[in-house]
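Shown next as structure tokens: one chain only, the form predicted alone.
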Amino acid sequence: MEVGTALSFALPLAVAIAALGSGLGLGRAVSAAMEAMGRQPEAAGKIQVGMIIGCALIEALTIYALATVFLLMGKI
């Protein structure tokens, strides 16, 4: 199998796995934050800030994966 053919199969799969992992991670993070806010409403501001920072970092990893895929698409 040639390198171009292998990349043609691997790149969409890699983006799909990254998106799936990001979606699961974001879902768990938001779920835990909502549960924590429900238990301690007075700390909702601090919990929400932490959740937003965490979600931004999770989303950044997905964007890095997408950028890597775009760079590798030039190799095909």
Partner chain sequence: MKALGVDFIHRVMATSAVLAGLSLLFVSVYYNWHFGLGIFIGTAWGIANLHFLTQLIGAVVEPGPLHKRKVVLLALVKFPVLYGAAYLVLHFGDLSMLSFLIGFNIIFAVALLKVLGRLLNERLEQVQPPDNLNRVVR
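Predicted, not measured: the structure shown is a model, and the values here were computed from it. Numbering follows the first chain given and starts at 1.
Separately, the form predicted together with its partner chain exists; it is not shown, and the next lines address it.
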| item | value |
| --- | --- |
| Contact of residue 36 with its partner chain in the predicted bound form (heavy atom, 4.5 Å) | no |
| Partner contact for residue 64 in the predicted bound form: its partner chain, 4.5 angstroms, heavy atom | yes |
| Proximity of residue 32 to its partner chain in the predicted bound form, heavy atoms at 4.5 Å | no |
| Partner proximity in the predicted bound form: residue 71 to its partner chain, non-hydrogen atom cutoff 4.5 Å | yes |
| Contact test, all of 11, 15 and 18, partner its partner chain in the predicted bound form, heavy atom 4.5 Å | no |
| Members of 40 to 63 lying within 4.5 angstroms of its partner chain, judged by heavy atom, in the predicted bound form | 46, 48, 49, 51, 52, 53, 55, 56, 57, 59, 60, 63 |
